[in-house]
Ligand code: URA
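The chain below stands alone and is given in structure tokens; this is the form predicted alone.
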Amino acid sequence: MRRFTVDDFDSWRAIARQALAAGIEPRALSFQRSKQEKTLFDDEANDDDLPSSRSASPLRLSKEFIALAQMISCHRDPNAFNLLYRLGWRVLNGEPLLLRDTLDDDVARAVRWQQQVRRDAHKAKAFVRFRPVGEQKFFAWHRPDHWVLKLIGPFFARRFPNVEWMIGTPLEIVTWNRRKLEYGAGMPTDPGADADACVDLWKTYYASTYNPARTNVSMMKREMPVRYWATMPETALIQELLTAADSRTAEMIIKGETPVHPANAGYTNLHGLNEAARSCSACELCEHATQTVVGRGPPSARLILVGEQPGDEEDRTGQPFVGPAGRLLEELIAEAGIDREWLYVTNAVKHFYFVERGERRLHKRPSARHLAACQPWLHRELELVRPVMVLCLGVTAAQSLIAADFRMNASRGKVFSVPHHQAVMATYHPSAIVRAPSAEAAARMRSELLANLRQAFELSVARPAQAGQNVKR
């Protein structure tokens, strides 16, 4: 049997492609993960070179298989790479639809491992806590179940691009030097200090956001397992908060208090509202997105454009409408003759909702739950700007502001009066033009979107300003 030592998905794929092309059956070879305690002077040689390929054309595995393999390659089970090779062999040798057979033992195990890795990566993003270890240098210690640092490293690089940091785990480490990510052997224990400046900040934040009326100890331990508590400073308060929960809940009931959404905390200007939105955790999207993307434009704007959500470029830059759809929108705004001093742009959902496909992050449509979590932010924006007209770009924004059953074909270009605004209209989102199935469809939708932009702008000029609006002249 041929034995091969691999480090990760990329090194496994390089060998697996050669072996599959050479027709080597799964029972004739074995993969194992490199020992992470090796030093730079160790040499882990593989068996003899593989025989030359017997395949006349390049082997092709589906994107679905590659995405599954990238996740499973992070699983801690020593047979993870062997399972991947066996699946690849079967797909290429008479079972092209294998991954759809969820009752197959190999497929069922692969799906289960994929879910375990995905959940472990999610918890790592949620539970990692950095502490300062020098000027513009930070360190975090975490105990994942699997090799997830290559999955979460890019997330933290996007979130904290301007400082140097390291995440240490018993399995591996990742460091960011403000330019690139580097991975290395793990460390057995946390080398951290007894005191650090972040501890009190985390405790203060956790205590201020803790709601005693929502205490569910079993769920808390399921979502935030006890074994992570040692590296999370705020968990030192849990017992104290649980002890006081009953009395605090009773006090809230007596006073008639109900939890207040942070958007309704009395902000009187957009700056304060937007700063509060950057810390929003009303739904799980905040755990995956790089940052909150707030609105942009003058606080006295007469016209607000409301899109669906930030895209990949918006999530990285923190600015709305800067991706391909945003650039098209800028062209149309200029063509419609709209003065940017009269225009404010924002989104119905403030965090990027996506699914990862390798190194790409593909847009997913927000759910009704995501819209509901973000609605208070959007409503408060409208209350503070007090525009004359609101133009929803796309069905999602229209369903958030006009009606949950809004249909674009039936109601595009119509003006609605809703509880939070007296004049709201909807049209296509520019991304629909970017993704149009044909040049003819794109041209038609572009023309209709341009006409609706002009219509909304003309109405914003012609209609009287709302009471209390500070209109620029």
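Note that this is a predicted model, so its numbers are computed, not measured. Numbers for residues come from their place in the sequence shown, where the first is 1.
Quick note: we don't show the form predicted together with the ligand, though the next part is all about it.
- Stretch 310-318 is the contacting one of 80-88, 108-116, 373-381, 310-318, since its residues have non-hydrogen atoms within 4.5 Å of the ligand in the predicted complex.
- For the chain shown alone, residue 140 is not a contact residue for the ligand in the predicted complex, no non-hydrogen atom being within 4.5 angstroms.
- Interface residue remark: residue 333 is not counted as part of the site for the ligand in the predicted complex, having no heavy atom within 4.5 Å.
- Within 4.5 Å of any heavy atom of the ligand in the predicted complex lies no heavy atom of residue 400.
- Interface membership of residue 325, defined by any non-hydrogen atom within 4.5 Å of the ligand in the predicted complex, is confirmed.
- Residues from 428-452 that approach the ligand in the predicted complex with a non-hydrogen atom within 4.5 Å are limited to 429.
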